[in-house]
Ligand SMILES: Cc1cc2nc3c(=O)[nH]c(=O)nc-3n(C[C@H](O)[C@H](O)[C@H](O)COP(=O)(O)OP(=O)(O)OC[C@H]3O[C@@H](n4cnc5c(N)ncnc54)[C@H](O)[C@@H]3O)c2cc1C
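A single chain comes next, written as structure tokens; it is the form predicted on its own.
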């Protein structure tokens, strides 16, 4: 096997992976690290997703890094701007030279005797096997498969003579001018695509089986822009970041405590945008509670504007089958289409689809339990970065990276070589890792690690609580076990 050893191996050169590298530079400057990236370019999601209108669905004051202020006037940013932000961060902090592209992790085996992970990778287009060793493995590869999105088995799809495309792999040669387009789905991707496509298409129909909560917000934060003119960039950024964190957390708590009242409030907002004659109850009144699934945000009400103009419409129905020229619906109606976009969701990948082994024994991740939402029981020196479901991704990933750095420094101070969360309390019961009713979650959640019924195994989806625990909480808590190998490579 390869003899090269790094202190920390980061998997993924997207938003969280680049952020993790910067945290290591800041808090563990004496540790060596490398980043392995399966694709040919950095940026992760923001390089992969290139469909029309791609943008953030969180404000950039919380989606941006804590250590690097977002300086653009727009708080809801387009995909290319976010990608540039990530790449500028990698360039400005000297992270780019540490990235090894076209290195896909397929297996990781831990040796307690050596206190090392041996990581097997496939390199290049030929996918030749190579290996790296590391003292700590940090997975920052997100939770979905980049190879393909989720597309249901639509009856009659082979009969359709138009163009069928999944937005995860949008073809830039797709001609949309003057075309009749059907976008299947009602999530964040669909509500982003519809108003953008409607600018050039003959007509766009958003076809949904059931409605989603949609909220209109301005794409610029007037308060943030005014504050930046008065305060230094870092001070203004920190202030606005906390403002948005607390507002978001407060709204989430309101949704959970008073769901019916929030339902009425959200419906009223849509009705104001679409007018009294629009059937809001049919097309924008979900049967589930707010935040049982992620709310969809539309900047400046662009989706509603497209609907009011007649350039777009919403159809709530079920697909019976595809035809040569469109989609026949269960209601008996037919939607004619030149292009069908299947914005039907993601396929989740459990910790990057990496196969793990500890001291020669394979690990079934579904039988492990998530510790503090970022480590797994009985897996030594391993962490993963997964963001919040009810707030910006980077808020949790920043905290996770800070915690990893605290662990590394604690182990060095005390002479430990490895740390392992141990599940010893029989009173802790298992719960799904992600408590969401979305289809992409339900399809794959059984393969993920579980969360527990109480801390430190419980995910509270609460930035303030996690900040206290991960940035300031006790490391040696009696649950995570620290040890030293007899010999250290």
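Residue numbers count along the first chain shown, from 1. Given the structure is predicted, the values throughout are model-derived calculations rather than measurements.
In what follows, reference is made to the form predicted in complex with the ligand, a form of this protein that is not presented.
Remark: residue 392 counts among the residues lining the ligand in the predicted bound form, judged by a heavy atom distance of 4.5 Å or less.
Proximity of residue 352 to the ligand in the predicted bound form falls within the 4.5 Å heavy atom cutoff. At a distance threshold of 4.5 angstroms between non-hydrogen atoms, residue 63 is in contact with the ligand in the predicted bound form. When the ligand is considered in the predicted bound form, residue 51 lines it closely, a heavy atom lying within 4.5 Å. With respect to the ligand in the predicted bound form, the three residues 44, 141 and 146 uniformly fall within 4.5 angstroms at the level of their nearest heavy atom.
Figure note: of the listed segments 464-472, 477-485, 21-29, 5-13, the one touching the ligand in the predicted bound form, with heavy atoms no more than 4.5 Å away, is 5-13. Proximity to the ligand in the predicted bound form, taken as a non-hydrogen atom within 4.5 angstroms, holds for one residue of 103, 273, 87, 311, which is 103.
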